[in-house]
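First, one chain by itself in structure tokens, the form predicted alone.
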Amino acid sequence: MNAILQTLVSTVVQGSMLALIAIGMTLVYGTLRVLNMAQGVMVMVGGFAAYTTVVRTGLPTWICLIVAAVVTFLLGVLTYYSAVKPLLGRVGVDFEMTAFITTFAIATIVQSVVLLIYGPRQKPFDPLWPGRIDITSDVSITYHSLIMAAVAIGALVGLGLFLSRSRYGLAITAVAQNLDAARLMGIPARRVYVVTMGIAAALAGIAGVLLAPLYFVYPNAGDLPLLQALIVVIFAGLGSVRGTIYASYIIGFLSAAVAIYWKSAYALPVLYVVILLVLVVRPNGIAGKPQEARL
């Protein structure tokens, strides 16, 4: 019973964090048809923004979430203007593949700059709220994990309201569903691209702050989140927001179950096997459709 309860708790926390990171990749692919390889480095930058804000300036801890979101939003916008916009409309250019490479190049450059400034050593970062709560005599959860789940779920709900009720959110949805029709309706597609890249980066930056106390802050901190996000979006079906949410919690459950009932080192190999089987049966993922991004 305790193992089941621990699995469920871990599923909620891990699934929420995976969704927070992967949803940004889904939004970017849905609107731009670009697999943004800079998403992982945004997680790392968010962690360093929080570290600089709290450790080096002494500002209150909660402010670091806002600072990380703003810094990564601006970096996401810069990534669009430097790595994606120059490729739009270019004749004879494979846009998807070239943008995949250029966003990866941006990630490498940012990672190198952070390495030069902060060095390669891991830097500890205190939990946003120390302590833990005992659910049973053998199962407990840290207050920081509760904050992780609450902030991630709150950000996802806020994103859902933004997409369904705000002007720019509806524009993002329209561009993702049918670019030509959106342009005919007068929607400025390129402005939508900028906002989408910024929002995706900001979500990853928030995730970086929440993950910092668990995995420390260092230049390669975004590598594993990027890999996990890729697993989620491929499993879900590229461009499907709803599928990404479902896939995040499914992947979170599988990772938690393998770690608790078997060994944590086997979590990624098991996920690879599951994804292989899913893609053999459904090549477009559990919620994807050929030539269609569903938001």
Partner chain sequence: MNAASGSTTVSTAKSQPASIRSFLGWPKAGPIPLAVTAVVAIALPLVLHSTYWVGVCTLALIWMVLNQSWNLVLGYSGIWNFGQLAIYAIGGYTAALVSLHTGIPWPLTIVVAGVAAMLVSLVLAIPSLRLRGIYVSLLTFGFAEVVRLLVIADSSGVTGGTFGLSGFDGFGISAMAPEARSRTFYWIALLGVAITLLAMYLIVRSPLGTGLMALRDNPALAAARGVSPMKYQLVSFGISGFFAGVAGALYAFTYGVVSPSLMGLGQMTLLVTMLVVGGMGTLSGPLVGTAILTLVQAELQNWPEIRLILLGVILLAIVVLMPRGVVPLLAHRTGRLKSWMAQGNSAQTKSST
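This is a predicted model, so every value here is computed, not measured. Positions refer to the first chain, counted from 1.
A second form of this protein, the form predicted together with its partner chain, is not displayed here; the remarks below concern that form.
Proximity to its partner chain in the predicted complex, taken as a non-hydrogen atom within 4.5 angstroms, holds for one residue of V194, A105, I187, I147, which is A105. The contact with its partner chain in the predicted complex, taken as any heavy atom within 4.5 Å, belongs to L227 out of L227, L254, V70, V55. Proximity of V9 to its partner chain in the predicted complex: non-hydrogen atoms within 4.5 Å are absent; the residue sits far from the partner.
Although the partner is absent here, L59 lies well away from its partner chain in the predicted complex, with no heavy atom inside 4.5 Å. Contact annotation for S112: at least one heavy atom lies within 4.5 Å of its partner chain in the predicted complex. Among residues of the shown chain, A83 is one whose heavy atoms approach its partner chain to within 4.5 Å in the predicted complex. Looking at its partner chain in the predicted complex, residues L5, V157 and R165 place no heavy atom within 4.5 Å of it. The stretch in contact with its partner chain in the predicted complex, judged by heavy atoms within 4.5 Å, is 113-121, chosen from 149-157, 113-121, 206-214, 179-187.
Using a 4.5 Å cut-off on any heavy atom, the residues of 253-270 that reach its partner chain in the predicted complex are, in sequence order, K263, A265, Y266, L268, P269.
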